[in-house]
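Listed next as structure tokens: two forms of one protein chain, kept apart as structure 1 and structure 2.
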Structure 1
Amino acid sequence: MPQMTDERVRAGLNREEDLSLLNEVSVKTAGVSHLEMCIQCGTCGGSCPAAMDMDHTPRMLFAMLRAGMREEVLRSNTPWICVSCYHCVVRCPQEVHIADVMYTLKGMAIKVKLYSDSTAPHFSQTFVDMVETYGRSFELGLASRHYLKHFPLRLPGIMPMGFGMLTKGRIDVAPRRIKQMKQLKAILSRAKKLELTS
């Protein structure tokens, strides 16, 4: 047998197939993921504008899924670096819903707190908190909470931008609320009890 390169070992190609993780991800993904149909062609990674900053290309991540490498997959920064540009999605010969799989992996990583950098999960959570409170996003509240916590050093640098946005009337200083907040809350709290299981 030819020697395995490091990359192939990293992708779990030296392991027995274990489809339980892949199936779990597939079930939890919106739409029909086609994940099991990935042929490891690499078109996704080659199309990805953010691949240079990813721990694993999408292709590699899907090989790891197939090998059942739960912890390594959920710890990977790849889903967090994915900018949802859908380049890979329209080029994938197997129509794998790659960007949606990335969303699923983020949700799974958050649940078990397996991420190496908390910036992105906290940003998403802060955004969601605003929406769950007001029904609308609130950029100023979001930005100030987020930058103070994660990018205090960026603050002086973005001050002119923030100030420009403010003077040009491009930032609301108070949040806008929807009228039927009660209705939205009822919908979301029911939704939180539901999960895709099959």
Structure 2
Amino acid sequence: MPQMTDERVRAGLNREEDLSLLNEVSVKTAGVSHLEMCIQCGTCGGSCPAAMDMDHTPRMLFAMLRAGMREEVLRSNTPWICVSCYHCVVRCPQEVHIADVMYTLKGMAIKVKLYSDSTAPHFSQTFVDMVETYGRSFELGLASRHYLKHFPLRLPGIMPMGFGMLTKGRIDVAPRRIKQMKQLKAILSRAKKLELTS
């Protein structure tokens, strides 16, 4: 029986292993996740610059995956707090692709609308929409849409920074489409078909 640390108690982790969720996440993760190789050493959480803001460390989240705690995992803020610095991946002794697993969990949470705060999923969807439309991000449009939807009262405070970036040519006023949009659309279409079959 695993030791009942405070973190395990908070997560409600007192059930037997049910590896179906862990296997599902592993299969949905791009490349080879090595998720099943996690030895619960805690190096990931100890390496994470954002761990203090997570409701569960990555180690704990992986233990919850092993326990089949689907709703609790998908409601966790941990994948949304992950800054994709890959420091945990570099230090993991089992070479678990932790950041890639976090992307998978975000996608799964969006699909079934299991998240406590819509700010990050909306930002993510706006970014994806822009890439699908232009082939690249359009920072001014992305920031404007995001702040208008979630933080309209903060807009006056960031306008001087935005103006400075515009005048120094750091961001564009209008979006620019990449040259090979047809090829990008074919790649994205193929990726969506592959996602449906997995």
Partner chain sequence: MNKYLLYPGCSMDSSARAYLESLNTILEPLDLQLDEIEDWNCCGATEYLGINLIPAYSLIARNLALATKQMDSVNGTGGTRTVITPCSACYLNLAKADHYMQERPALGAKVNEALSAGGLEYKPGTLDVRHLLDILVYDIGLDAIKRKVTRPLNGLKVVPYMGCMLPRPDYKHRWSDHEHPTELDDLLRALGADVIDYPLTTECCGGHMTQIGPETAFELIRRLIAGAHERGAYLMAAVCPMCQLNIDAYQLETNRFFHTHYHMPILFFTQLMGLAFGREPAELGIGAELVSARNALAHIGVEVPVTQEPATPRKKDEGLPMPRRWTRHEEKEAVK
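As the structure is a computational prediction, the values presented were derived from the model and not from experiment. Residue numbering: structure 1 sequence, from 1. Under this definition, the rigid core comprises the largest set of C-alpha atoms superposing within 1.5 Å between the forms.
Two forms of the same chain appear here; which of them is the form predicted in complex with the partner chain? Only structure 1 matches the form predicted in complex with the partner chain.
Could you tell me whether the Cα atom of R176 shifts by at least 2 Å between the two structures after core superposition? No, R176 moves less than 2 Å.
Using the rigid core as the frame, report the C-alpha movement of A191 between the two structures, one decimal, in Å. The alpha-carbon displacement, core-superposed, is 2.3 Å.
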